[in-house]
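A single chain, nothing else alongside it, follows as structure tokens in the form predicted on its own.
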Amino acid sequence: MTTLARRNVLGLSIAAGIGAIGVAVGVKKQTAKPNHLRPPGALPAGEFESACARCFKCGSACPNGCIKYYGLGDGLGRAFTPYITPRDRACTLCGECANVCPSGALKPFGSTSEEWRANVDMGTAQVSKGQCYSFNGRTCGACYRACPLAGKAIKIGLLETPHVQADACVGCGLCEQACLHLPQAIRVIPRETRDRTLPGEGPEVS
């Protein structure tokens, strides 16, 4: 068995052991918050949890410090796997997390906008018109200026109203982090749940 394989097995064994302790002490499973995103390059749900070695290398490699980890209270299948809360700190698409992933749970995705669009699918941004300043007569444009794919993933109209282009959005969350409204008027819906809409609003896509 290779050193890498041994490390993966050790990581999974530790995670499983701690998970068993959680069950023994009655830790209750909870549903993840709707705007928690998997890091870029992540395998689909189910496959990701099975492949993740719980080695914490992705978080250590992230220069932006945006990767956090689920705990036992989030369920044993999810425990110790990485996630990003874009409102707190979004992903800059640097790719370091995927480059160090030893198990293939995160796949390297390249460094160009074309490669991001082809290989990254963290979710899709949605705009709440009722909350967005620009849709209510106060020009803003903060989300547009923060978007690494501005003009493609987000286009702007009169008073800098943001219009998300779902086919180009990779879900990095930089728009959500930059939004000046409290609570945020633009949110990234994780790819597993993006068929749901923001409360009171349909998806603002065009």
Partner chain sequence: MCMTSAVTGYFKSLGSDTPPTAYEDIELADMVTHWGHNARGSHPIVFWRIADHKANKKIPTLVVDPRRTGTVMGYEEVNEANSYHFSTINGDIAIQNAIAHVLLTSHEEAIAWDFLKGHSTGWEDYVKGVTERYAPEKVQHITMIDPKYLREVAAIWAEASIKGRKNGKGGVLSLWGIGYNQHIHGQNNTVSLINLMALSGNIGRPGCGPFSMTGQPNAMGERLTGGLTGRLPFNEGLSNVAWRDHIAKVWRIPPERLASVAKEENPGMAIGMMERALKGDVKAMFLIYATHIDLPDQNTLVRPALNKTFNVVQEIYRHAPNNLYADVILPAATWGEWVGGTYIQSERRFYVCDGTANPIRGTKPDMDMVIDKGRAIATALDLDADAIFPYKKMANGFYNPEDVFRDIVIASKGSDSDLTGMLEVEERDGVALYDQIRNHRGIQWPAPTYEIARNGGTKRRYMEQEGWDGKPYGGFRTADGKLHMHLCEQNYEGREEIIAQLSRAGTEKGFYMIDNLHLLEKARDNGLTPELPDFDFLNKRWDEVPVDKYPFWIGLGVVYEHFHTAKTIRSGTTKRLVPEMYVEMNIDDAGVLGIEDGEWVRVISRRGSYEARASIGLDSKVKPARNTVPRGYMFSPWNLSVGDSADPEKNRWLANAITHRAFDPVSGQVDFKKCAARIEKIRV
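Residue numbers count along the first chain shown, from 1. All figures in this text were calculated on a predicted structure; none of them were measured in a lab.
Below, we refer to the form predicted in complex with the partner chain, which is not included among the displayed structures.
In the predicted bound form, the partner chain lies within 4.5 Å of some heavy atom of residue 160. The closest heavy atom approach of residue 61 to the partner chain in the predicted bound form falls outside 4.5 Å. Among heavy atoms of residue 180, some come within 4.5 Å of the partner chain in the predicted bound form. Of the heavy atoms in residue 46, none are within 4.5 Å of the partner chain in the predicted bound form.
Note on contacts: among 55, 156, 168, 67, the single residue with a heavy atom within 4.5 Å of the partner chain in the predicted bound form is 156. In plain terms, the part of the chain that comes close to the partner chain in the predicted bound form, with a heavy atom within 4.5 Å, is 132-140 out of 71-79, 132-140, 93-101, 112-120.
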